[in-house]
Structures are given as structure tokens and as C-alpha cells.
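Only one chain comes next, encoded as C-alpha cells, the form predicted on its own.
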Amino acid sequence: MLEGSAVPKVRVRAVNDGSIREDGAYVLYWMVANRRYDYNYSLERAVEWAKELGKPLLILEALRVGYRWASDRLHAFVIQGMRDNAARLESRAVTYYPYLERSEGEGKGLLAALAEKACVVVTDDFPAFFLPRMISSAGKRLAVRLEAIDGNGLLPMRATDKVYARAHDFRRHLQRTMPDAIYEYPKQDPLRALELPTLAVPKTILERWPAASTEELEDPPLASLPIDHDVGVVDLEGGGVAGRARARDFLDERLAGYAEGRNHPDEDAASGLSPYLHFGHVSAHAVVRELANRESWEPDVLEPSSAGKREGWWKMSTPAEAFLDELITWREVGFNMCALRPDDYDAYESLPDWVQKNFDAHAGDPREHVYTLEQFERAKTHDEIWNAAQRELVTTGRMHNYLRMLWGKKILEWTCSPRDALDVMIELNNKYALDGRNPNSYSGIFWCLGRYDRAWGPERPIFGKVRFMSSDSTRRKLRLSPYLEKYGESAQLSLS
């Protein structure tokens, strides 16, 4: 069934052996990662099923409270996206059902109850944090077919069965395979001109699991929820509307200076898209398409290559190619790792053998400074630049990318062991960063410990042959004055 699907087969994964119920009441799209209505392969697949079966389409977007690091910050950002989805989908030929869990476990049974009357359930295939376990568990409980759709990046996660140890090798793989994959795009608007039967969420469902009201989506009841209220809401607005505006602003105003300025905190040259990509409010496909239009670029200029060069292969401008290397190569190499090493992508043991042996050889090296998690969290180190980066993370939910690398390297230097350093980095990043808990985020953390890198000389204490970074060299390389003034000692951290 569903012959001729526009969604590439490599992006469709059957989570269970459940059957398609042709006598079901609706098709259910369980939106968990691609929290958007445009450029969404999962939504497109659900629409295909609904049209094939002649059934209504019900979209469930739920937000639970019982996940690790749940906070006002993360909840607000997700709910702002739910608000945008509710407004956009109100007039479309689908039923949108936003659900906010008020207490831990309150939402238990909702998916199963909806699936009882579903013909088929479609969800998003996201390889990190608690989502893989949640989807796998759902697949075991549901009798109906559950499909997980990969809409994460331009290259499907399962287009290879190999974990790439270096970004250069992954780039070579991309350049060999992308000329074919670049022609496969999700529909910009899978709901355009869609005509389906109407549907109301059953009253028995709504009585037990009330839908979030318009007022709750506009002004979320965060204070009443059992989440971390010390990690506060930040100024950055979540949702597809804000995400698309951010993408347009970057391409209009900052892309031209991206290649030269992205490493300088004072330049504000970064795209700022990572939170929107993480929560699925913006699609990487949409960003690439908009960039291609502005560059007057067509994919037929691409030719397979094994060179793996950073510049020249895309045949775009230098700033555009620098941005694409971050958006595709460095972002998607993380998805490659998480998808193919699901059990230990975030574990110390996932580091390359040479890195682990290297750290073992330097396990006894003395540390001039050793800080506790609390001291790190409160930016109480001796280093002005490190403290500023930590304050930026705590107060804004973001950290400048170059300083994030220095931030991780110094944690390695100032903890008792690389394992302790990893624990500190994961805790602080996932607790405060809007783009934390993401494959790309784990790539950045583990890069600080040697993943995706090579051995460097000269061999140094603590680091051994793992790449070393210092605050002194950072100060010489980068333009930092306004940044340090903004996030210096006078910047207050509201930590209880």
C-alpha cells in the first residue's frame, strides 16, 4: 500500500509490525521532533496515508513534564511553537490537538487511546535524548502500524551504515552522495489544497486529556508545572514564525560576513538557527532552498567528488559554502553518530580508541585548577573569558560557537578526569542551552574531547595529543571587548 510515495523509502522506518487498519477513524501524526507544518516529511507521509485511505488527519503535538532538564526555558520555547502551529493549522483540512501535561505521568495513555481508533500512526525519527526510547516503547505497545520518518537533514540518516570518525571523511561521503539526495525535498506546504473528511477529537479523550487552550499557548502556565523554574525563559522567541524570520534576517544581513566573522563574538555573524533546527521549528531543507534561491544556484552543477574540500564543491559564494559546511557537514555528522550508535553516542566509551588511550596515559597529570560543577555553573573560575561564555549560556540559552569550544576544552583541563569533564559539559549544556540534547550539540561536546579530530603535537599535560586551546590565544585571535563587557562580572546569574 501507499505506492508512489513522495517520501524517500530510506527515510521511512517501520517501528513495529502492526498492520494498517483500513476501518480506522483517522490517520494519526504524532509530532515529536519536526514541530512544524512546512517542509516536513512526517506530515507529508501522514497526508499521503490520509488521502490513500480517505480518512481525516489528526495531529497530536504533546509536551510532557517528566523529562530530564525540563524547565521554563525549554517549555516556553516549545509552547511558542505549538502556538504558531495552532494558529496556522486552524484553517487547514486537519485536526490539530495540542496537549500540555500538567503533572508527571498525567499524559500516560493518551497516545494509546488515540491509536486505538487510528488507521496508522506516523511520527518523527529523531536519534537523540529520550525520543528513541519513547518511540521504541510506543511501537511495542501499539497494535497498529507505527512509522518513524527521518526529516532531520539533507542526507538521510540511514543512507550509510558507517559511523564516520572525522568530519573530513563524512564530508567526502556527502560529496559523493549529495548530488542525488539534493533533488529530494519535502513539500513546502504538504497541506496545500488538501481536502479530507472532518474530524473532532473524541469527547472521551478530551475529558481525560484536555487540549491546551489558545490562552495557555499564548501565556503558558509555567509556574504551575513541576519543572525547573530556576532556568528561566529567555528573550529568544520560539516557533516557526520567529525561526523563519531569523533565517531571513541571517541571509539578508549577516551571511555576507559569515566566513570571516563567525568566530568573532563581537561580529554577531552566526546564524542563530540551532535552537529552531533542534526543536524542528525550522527545516534545514527550507534554509538550503532559500539560500540556493538567493545564490541563483541549481543542483545540477554538483558533481560527485571524493576530495572532501571545504570550499568550491557547492559552487556557491564563499560565505554560503562556509555556512553550508556548518549546516550540513558538521550538523549531520552528529546525526550519523547518534543514529548508528544509539546506545552510547553520549558515553565516554564512544570516544575513539586513540583518545581513550591518550587520556589514560595522562590520568595522573596534576591540575593547577579544579572546579566543582557548582563553581562552573555559577561562572566562578579564574578565567574571565570562560566565565563570560558561561554567563552567556545561563542568561540567553546560547553560547558563541567558538567560545563553546574553548569552554569545553577548559572544563577538560579543570576537572579531575575526562569522564568528569564530560559529565559537567553535558549537564550544563543540556540544562541551559536551547539547542542542547541534540546530535549536533553532542558533537560539539565530544569534539572538545577529541572526537572528529586528529592527534596534535606537541604532547601536553592533561590533554596529551588532544587539541589544546587557551584563553590567551583566544584573546589574541578574537574581537571580544563588547562581548566581555556584556557578559563580564557585572552580568548577574539568577541561580538559586
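All of these numbers come straight from a predicted model, not from anything done at the bench. Residue numbers here begin at 1 and follow the sequence given.
Only in words, not in the display: the form predicted together with a small molecule, which the text now covers.
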Point to revise | Option touching the small molecule, based on a heavy atom within 4.5 Å in the model of the complex, out of 317, 95, 271, 358 | key: 271
Study note, to complete from the structure: The one option of 407, 77, 170, 376 with any heavy atom within 4.5 Å of the small molecule in the model of the complex is 407
**Study point:** Contact of residue 326 with the small molecule in the model of the complex (heavy atom, 4.5 Å)
**Key:** yes
Exercise for review: With heavy atoms only and a cut-off of 4.5 Å, decide whether residue 371 touches the small molecule in the model of the complex.
Suggested key: no
Exercise for review: Decide whether residue 445 counts as a contact residue for the small molecule in the model of the complex under a heavy atom distance cut-off of 4.5 Å.
Suggested key: yes
Check your understanding: Any chance residue 88 has a heavy atom within 4.5 Å of the small molecule in the model of the complex?
Key -> no
Check your understanding: Even though the small molecule is not shown here, does it sit in the model of the complex so that 330, 401 and 429 each have a heavy atom within 4.5 Å?
Key -> yes
Practice item. Tell me the stretch among 174-182, 135-143, 330-338, 209-217 that has any heavy atom within 4.5 angstroms of the small molecule in the model of the complex. Key: 330-338
